[in-house]
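Consider the single chain below, provided in structure tokens and representing the form predicted alone.
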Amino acid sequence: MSQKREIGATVPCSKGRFLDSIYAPIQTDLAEVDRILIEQLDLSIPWMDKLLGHTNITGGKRMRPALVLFSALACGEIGVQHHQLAAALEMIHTASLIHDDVLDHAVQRRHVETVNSQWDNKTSVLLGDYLFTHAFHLASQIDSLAAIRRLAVASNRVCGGEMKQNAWSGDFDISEVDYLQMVSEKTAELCSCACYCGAHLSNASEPSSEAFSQFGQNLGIAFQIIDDILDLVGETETVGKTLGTDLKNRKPTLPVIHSLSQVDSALRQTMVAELVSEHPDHGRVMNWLESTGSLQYAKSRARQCAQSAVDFTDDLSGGVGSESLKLMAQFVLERTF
């Protein structure tokens, strides 16, 4: 067993270049995933080419396809089925983002206007539905019932997580345990599915595939906690999407949940009244979060999850796949630092 490593505090280059350097070993495979995405989507449908341009489906971080491919490399070799599964996952992920933008009234995603901003909600919902359903059309070509079943379960859990988050709007009695369960479904489930299927399709044992699944779960939870932080303190130009929507939509995110747990009942009542108001005062909320150390607490929870992911890669046999998975955990955390 190799010596345990901690996540580094410094990224050696800009975040975009750092991600490019991580993806270098799988550039040819990512290009094949992009080719499948374009080949599979019916551009004869009215506006489809323009709509897909606004989703940037072959751009973005492509984290889930990369997790499929690196998990495959850590267990064996990348094959055609990995490409197909990665493309299907990216369709599902993109569909969930399109629907998220409708729910959040977001106007920018991946540095371009959202579909709902450029067109309307009806078009966005239909495009999201099209991508969801076509993902399973593509996945049906994979010769693994276990992988297809995993994809189906993951998609259902993502929708369940989204429904929980929507139902909890304005409910600031939600506990940290409730929150972590919700994000494990809403965000982490597709990362977990990507890692499981990448390993499984490389003929890894079931216990080993489940261990990869847990890696993806930890990585996805860390990613969502960091998104919560960025929504409060990030800059739209840097992050590339509409920020400040969590407060506007009264979402109980981890920094807010923690802050509410640290104050007396009188201040908590005042805070909740502000949080459920029509236009919460961002500066006032930030003062509360800073006074209770809640942003730092959320960062520490993200670091714990990312470190658990790194510890898993240290127990692998080494090689490009395991090292790249470790670097992806570092990238996820460094988004805030």
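So that there is no doubt, residue numbering starts at 1 and follows the sequence shown. Computed from a predicted structure; not experimentally measured.
Below, we refer to the form predicted in complex with a small molecule, which is not included among the displayed structures.
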Interface segment, criterion being heavy atoms within 4.5 Å of the small molecule in the predicted bound form, picked from 197-205, 257-265, 79-87, 179-187: 179-187
Site check 62, 298 and 331: each within 4.5 Å of the small molecule in the predicted bound form by heavy atom: no
Contacting member of 211, 107, 152, 103, with respect to the small molecule in the predicted bound form [4.5 Å, heavy atom]: 103
Candidate from 232, 75, 139, 158 lying within 4.5 Å of the small molecule in the predicted bound form - any heavy atom: 158
Partner contact for residue 96 in the predicted bound form: the small molecule, 4.5 angstroms, heavy atom: yes
Residue 224, heavy atom within 4.5 angstroms of the small molecule in the predicted bound form: yes
Residue 247: touches the small molecule in the predicted bound form, heavy atom cutoff 4.5 angstroms: no
4.5 angstroms heavy atom contact with the small molecule in the predicted bound form for residue 113: no
